[in-house]
Structures are given as structure tokens and as C-alpha cells.
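Okay, so here's just one chain, in C-alpha cells, the form predicted on its own.
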Amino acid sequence: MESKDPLLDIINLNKYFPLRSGIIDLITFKTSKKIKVIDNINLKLYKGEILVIAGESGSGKTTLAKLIMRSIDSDSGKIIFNDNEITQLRGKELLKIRSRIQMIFQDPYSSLDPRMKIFDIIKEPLEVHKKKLSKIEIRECIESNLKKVNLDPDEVSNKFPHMLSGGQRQRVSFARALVLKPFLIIADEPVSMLDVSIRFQILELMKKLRDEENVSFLYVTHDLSTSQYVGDNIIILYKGQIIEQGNIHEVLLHPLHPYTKALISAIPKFNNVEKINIKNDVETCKSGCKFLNRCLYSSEECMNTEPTLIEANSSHSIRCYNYKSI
């Protein structure tokens, strides 16, 4: 279960994307301005923890996951994984780290090569990272990990992805990640494209792997109803910024930020949270709180100064001046 030692420690992480205004900018690679998509993120993920990153589309969830995976580079800040700073790693050193951080993608239909058999799909990362394994060891490893995700090796090994159901394909993705014995698996919306009846089977699998394989999870989702079932702690993102975080039951049962309340109250029959209205204006205020233009409870302080993340209690933090009066 959870350890007191952080497996992942992110410090003041920032990421900008260029915003090009026309065809000339695209051709010349000229950047007229930049937009900040990850805004001074600080978080810790502990060994044995399932940390949920939640927010609406465009909040920066997947960008944050890609920064941790080092598939894109940050502009500033530090990413410390397993006591090693990985922010600037390149080449073989980065390859070693990537064997310890694996990713499960949202779409099981497109994340598996349709031209490869299941056995070869799972074998591929072993060929890249575990070149000294014999053919017998590779086969034993693949069969063992297929069994861990509740798939019969004899039944699925020689099939192509299109011959499996969506749930089976996602289980194959988990098996592919597990063969390298990672410390951390980033699951980016792993159940959003699956039938409702299959979703909780996959979430149960995550909890099982956490307990039996000692794997930590970063669970990226917009679905707060599933996050409560599987997570230990939660971070709510809005426009690349953490606006609320803490113990998942504390945050979802007693949300403090109007944005979090709006997300929860949009889910039918979820925790009986009172309906909170927010504005549809998604334009970011140039000064003050990022949520200002959508908030019905803003004050003059919100307009002039951007709020910092403060502790509401020992297990709950929030970025809001007026949360006590909402």
C-alpha cells in the first residue's frame, strides 16, 4: 500500500505551446505568442498510491501525463522520479527511466498495432529493454502477465487485436505495460471508450495490480464517478492549474471550489451535491483568478490577485479566496 516516500515529485512544472495566428506563421515557424498549458504544477505521488488527475477537456491532464513520460519537454520545473531528476535526461538514461514508467492509452482500438499478433505486441517492449532474455524466458514472461490481467494465453496469444473485444484489448495494454515491471503506470482515460459493464472490471484490475504487483498509478480522467471508486487522492485541474486537491473522498464528498462542485453536480445522483451554476465564458482573465470569468462568487480580490493553493484542512487544499462563503 501507500509509502511515505514519494515515487514521483513534480516541482514548479510549466509548459507553453506556441500559438500561431496564420498560414505565414505556420510556414515560417514564427510564433506570435505562447499559451501556458501547465501552470506551476506541484504534486507528489507515493509508492502504492493511485493518484487521480481530473478535469474537463482542455484542462491539461494529458499534457501533464506526456511531460511525466518525457514524450514532450517542459519549459521549466523539475520532475523527480524514484529519487532521480529526469527532466533533462536524454538517450540511454531516458530509455532506462521509460522502462519504469509505462502508459495505458485511452483508445484500445488504436493503441495496439493491428498488423501484429497479441504475443508479438507484448514481446516488443521486452525486445527493446530486455535484450538478454532467452526465447523461453520471453514466452514465460508474456504468458505470466496475460494471466495477471485475466486473459488466457492459449486463447489470445495468436489473435490479432481486431479479434478481441474492447475490454480484452485494454487488458492486453495492461499486460504490455506490466512486462517491464514498471514502478508507475499512467492510465490516460483507460475506461472511457469501454462499455459500462466492462469499466469496473478494468478499475478492479488496476486496484489488484496496485496491491499484488506494487505498481503505482496516475489515473487521468474526466469521470469523477469512476475516480472515487479507484483513487486514493485526487487533483482537480483547470486550465493547467491545480485548483483543488486532497484525499479523494474528502474532495468529492465535500468539494470547496465552485468548479469542482459544478463537475460533481453534473453527474446524476452523485453524492447529492447541490447544483452549482457556472458561466459559459471560458476566456481566461488576464489578471487574478483563472476561473474569474466563469465564477458567480468572485470578489474584487479575485480580479486583482491570483489565489494561491492553501490548506482548507490537513487532507484538503484549494485555490479560492471565497470558498468559505460559497
Ligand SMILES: Nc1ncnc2c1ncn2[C@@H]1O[C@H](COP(=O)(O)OP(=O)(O)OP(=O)(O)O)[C@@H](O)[C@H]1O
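Heads up: residue numbers just count along the shown sequence, starting at 1. Computed from a predicted model, the values in this text were never measured in an experiment.
Just so you know, the form predicted in complex with this ligand exists too; it's not on screen, but the next bit is about it.
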Check S298 for me: does it contact this ligand in the predicted bound form (non-hydrogen atoms, 4.5 angstroms)?
no
H254 near this ligand in the predicted bound form, any heavy atom under 4.5 Å?
no
With the partner left out here, check for me: in the predicted bound form, does some heavy atom of G60 sit within 4.5 Å of this ligand?
yes
Spell out, yes or no, whether the shortest heavy atom distance between H222 and this ligand in the predicted bound form is within 4.5 Å.
yes
Choose from 52-60, 39-47, 288-296, 259-267 the stretch whose residues reach within 4.5 Å of this ligand in the predicted bound form, heavy atoms counted.
52-60
